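Presented as structure tokens, the chain that follows is alone, the form predicted on its own.
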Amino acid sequence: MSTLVVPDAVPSVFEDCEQLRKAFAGWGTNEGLIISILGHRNAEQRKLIRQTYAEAYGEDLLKELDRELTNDFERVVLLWALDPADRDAFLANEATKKSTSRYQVLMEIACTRSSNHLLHAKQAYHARFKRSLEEDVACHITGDFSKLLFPLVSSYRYEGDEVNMTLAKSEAKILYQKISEKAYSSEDLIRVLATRSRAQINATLNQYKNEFGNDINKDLKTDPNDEFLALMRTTVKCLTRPEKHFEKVLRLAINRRGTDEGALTRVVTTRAEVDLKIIADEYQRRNSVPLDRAIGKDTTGDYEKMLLALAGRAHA
């Protein structure tokens, strides 16, 4: 469920481009004007704005924004202005080069997007970086992390609701056996998580709990400090309850000393047109504070206003 508020009567794309051009003119940038336009346009409308702007002024709107804006506000606007598949390609490429939380970003893109979206993101990656995402994951990530992430980013899952209960029972046993043996990076365990449809994985994990007594993530918590097990648990959560994963990312980004703007920006820009409403409901249930109020308390200025616009505040 999207939180994006698009006005009933959207101005013509030419008018939007003209207004954006005005926002860049003169001595100072009119950030409020940028927010009022880009913060209230859906992906299709933003794409049309980028195309029309290039045709009308011979300038790349993204480069103009990059030139005019700074810091966290610049990042949130630039990420938002990108086509969703292109945005994920950019974030994935950034993640292959970074050491901090990069595994989680790649896993999010692999496990919380539809099969078609992941395919389009990989095509955008090709076009932008002249390499494949799989190639960069194989090149930059090693060991057990590569064993898990490579098949996840290579996946094209069935999206339907069909479930094979015989398979769910047999694969629940395989998962239990491998986890009991502490063979966490075994091919069989990873194959189930990386290839089965979400409906099939849910059936398998329900079977696992019914037959062996524990939620699988409890059994994957034998060592809370093991980074690979943490990634396995996050993979399971993203495949089964993505709103719980994103709620936790937001909670950690907002509720500690010093905001993690990178994580906050990533979740808001990638989920605003998908399920940010569901994530916000989960956030309020878990923290007894509305998400927009938490964001407003933790951020300032134009960055705050843009985030709040994407989080659904119509007047932001």
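Owing to the predicted nature of the structure, the values given are computational and were not obtained by experimental measurement. All residue numbers refer to positions in the sequence shown, first residue = 1.
The same protein also exists as the form predicted in complex with another copy of the chain; that form is not shown, yet it is the one meant from here on.
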| query | finding |
| --- | --- |
| Interface segment, criterion being heavy atoms within 4.5 Å of another copy of the chain in the model of the complex, picked from 75-83, 175-183, 153-161, 241-249 | 153-161 |
| The unique member of 93, 195, 202, 214 whose heavy atoms fall within 4.5 Å of another copy of the chain in the model of the complex | 195 |
| The single option of 233, 122, 102, 87 touching another copy of the chain in the model of the complex, heavy atom within 4.5 Å | 122 |
| Site test, 132, 135 and 191 vs another copy of the chain in the model of the complex, non-hydrogen atom cutoff 4.5 Å | yes |
| 4.5 Å heavy atom contact, residue 71 to another copy of the chain in the model of the complex | no |
| Another copy of the chain contact in the model of the complex: residue 165, any heavy atom under 4.5 Å | no |
| Contact of residue 169 with another copy of the chain in the model of the complex (heavy atom, 4.5 Å) | no |
| Residue 210: touches another copy of the chain in the model of the complex, heavy atom cutoff 4.5 angstroms | no |
